[in-house]
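One chain is shown next in structure tokens, namely the form predicted on its own.
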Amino acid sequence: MTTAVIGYPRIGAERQLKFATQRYWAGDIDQTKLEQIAKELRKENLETQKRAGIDFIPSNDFSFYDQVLDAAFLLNVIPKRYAQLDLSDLDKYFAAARGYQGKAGDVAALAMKKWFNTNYHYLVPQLEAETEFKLVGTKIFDEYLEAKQWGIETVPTLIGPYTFLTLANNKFYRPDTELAPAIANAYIEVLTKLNDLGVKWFSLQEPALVLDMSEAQIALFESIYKPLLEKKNKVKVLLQTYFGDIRDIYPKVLNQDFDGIGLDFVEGTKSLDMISLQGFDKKKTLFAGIVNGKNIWRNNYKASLEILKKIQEFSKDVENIVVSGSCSFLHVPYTIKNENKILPEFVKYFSFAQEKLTELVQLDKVFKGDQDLLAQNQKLFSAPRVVKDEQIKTKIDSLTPQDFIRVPTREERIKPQADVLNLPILPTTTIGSFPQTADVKENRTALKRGEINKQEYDAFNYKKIKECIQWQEKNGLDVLVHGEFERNDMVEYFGEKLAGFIFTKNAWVQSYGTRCVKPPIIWGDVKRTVPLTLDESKYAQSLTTKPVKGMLTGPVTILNWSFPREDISVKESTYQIALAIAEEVLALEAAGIKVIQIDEAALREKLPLRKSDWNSQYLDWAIPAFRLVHAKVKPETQIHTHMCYSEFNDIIAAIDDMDADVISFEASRSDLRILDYLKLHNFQTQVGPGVYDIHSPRVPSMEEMYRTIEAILKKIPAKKVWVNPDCGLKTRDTKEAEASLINMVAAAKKARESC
């Protein structure tokens, strides 16, 4: 056995790339300096993997923003609106990622969606009528040669052509079968150049193969790869899959001339069965994804060893095995070495990206017979890690079907809510957060350093809340928010107030571009011991006669945006969180908060990638978990929720079954396509499709948002429509946020005139 890494974190252990990129956007550094910092990070990552003893080290896994966007720019899939900008190539790339508004023009960003079942976001490639697949970039070759200069032989890696087509927005509905020869030829160009450079292995990442595949999709895959593999020459080609198993296409993959096949044995529930029933090919190398690339718990070497032995037992044709991560380590923090906040008795159970390198190497040694390493590892798993809270267990065991049902029905709740809230048609609101300005962050830092006390900290936040409420009233919003100035993150903030969580200091993970999150770790049983948002919500509501939303994060999102436990089911863990949030909901209601938003931004995130598993493994508990949170509120209390940057079209019925009164969706960045599905499924919940994209540094005009509202009203009755941005405003600066909201309110008022 040898060892392999699929991908490595790229933002830097101290988020160097994030800060450098933001300085570049602000004009504080030039492109040369930005590229220098990026080069230093690439070198550090490669040398870290080499020192650890990794044999197959990837290159081209670095990105300034997103690896799918990198592939699009490599292959000339650059929409005309960006290509025509009078900007440098790098700035055109950033314009596609985040939009652009300046002297060179005004363009919106590409659509952004969740990367399979993770909290990472990718940019959706957009195909146009004149799109011509061809090799135009050099990044993949430059980074291979760069590593070579440092004495490191790498495996250039690239999103595979089948996954690229699967994820692309085929705006002009050109059949994939028509596009297949062209994209195959573009990848052949890449392969030919890699041959010329003397590359030994080339990894094509095809996670889309773990999705449900039809016969037509299987035929498409074969039509792309047959001519591609005929041109591989001396380069060995690795087909790398992850996030599940490839049961639908496994026999066809075996018959293709791949030199290596990467299979996921963590999330791939059928991967062992595939090898057992259908064998392998002794001419190929199996890259076995054994070390979990998405969670931070130490690997159980005994369990992994059993899987590796079963692989050999099931098929004598498996002669060459490489032990690998189950997916890229992009989804976990850099290293536990940067943590001085976590007690040693906890730290020993954690494994971040750098520690996973050690696990890969040690698993290789254990497989070869190192009993000492195995014994040391098993000490961690010899006793229960957590003492269960019996009271919480009793509460969950005592739940009945009635605990998940709100009465009266949603239709019967409309009038009492309308009477209490007295809102105009097309009411305006925001998703929740207002910009986290420098003074807000400085106030939080001062508290952490002990430079101010809690009273001083709260006094500052209350001042910001008052300013926020006054600004919203002055500018005509209908349902207000308090701005969330006290919150560092929509999940971490709640975790800090709930029992059962552990927090890190530097365990940052890239969510998209320069946006990084620091997921809390669910260590033990979760319960509410103190109020979560009550004081800030009460204060904000005391400042106005307009309704102010109580803002909470939902149980499924808290679970999905944390590193979850592995010693209990995700269902049980989510129900624990739901009971805690439900207590806060009732406390807000008792305090006079008439509108309560329970965000479930990540509802779709852990939805199984295969539709056959949706109900049995996820929706049958995720939807009830949300209902459990609000089932006991009064009819006149209006419950909102919010979801962003995922494909919701195929679970619309399940979302309606959440029984919220209002739901806001990200929609502006995906051309409002969700509206067709809402109409098709007779969606009953009131909706607020986002009328502008908050992730772009541009201010949409009143006319632009008015046109968006008009498009919405063609498909959804006005009485069911809310007007709001597509996400929170935390990452925007104040000038952009305020100008955009003023235009949004003006657009809503204009639209009301024709209702």
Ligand code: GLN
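Numbers follow the displayed sequence, beginning with 1. Whichever C-alpha set is largest while still superposing within 1.5 Å between the two forms counts as the rigid core. Remember, predicted model here, so these are calculated numbers, not experimental data.
There is another form of this protein, the form predicted together with the ligand, and it is not shown here; the text below is about that form.
The candidate site formed by 70, 75 and 188 is entirely out of contact with the ligand in the model of the complex, as no residue has a non-hydrogen atom within 4.5 angstroms of it. With a 4.5 Å cutoff on heavy atoms, residue 705 does not count as touching the ligand in the model of the complex; it lies far away. Shown alone here, residue 433 lies within 4.5 Å of the ligand in the model of the complex, counting heavy atoms only. The shortest heavy atom separation between residue 551 and the ligand in the model of the complex is within 4.5 Å. The ligand is not drawn, but in the model of the complex it has no heavy atom within 4.5 Å of residue 42.
Just one of 690, 58, 700, 728 comes within 4.5 Å of the ligand in the model of the complex, counting any heavy atom, and that one is 728. Screening 644, 522, 540, 147 for any heavy atom within 4.5 Å of the ligand in the model of the complex leaves a single hit, 644. Remark: of stretches 48-56, 26-34, 720-728, 62-70, the one touching the ligand in the model of the complex is 720-728 (heavy atom within 4.5 Å). For the partner-free chain shown, 484, 490 of 469-491 come within 4.5 angstroms of the ligand in the model of the complex, judged by any non-hydrogen atom. Superposed on the core, the two forms barely differ at residue 206: its CA moves less than 2 Å between the shown form and the other one. Shown in the overlay between the shown form and the other one, fitted on the rigid core, is a CA shift at residue 732 of 2 Å or greater. The Cα position of residue 602 differs by 2 Å or more between the shown form and the other one after fitting on the rigid core.
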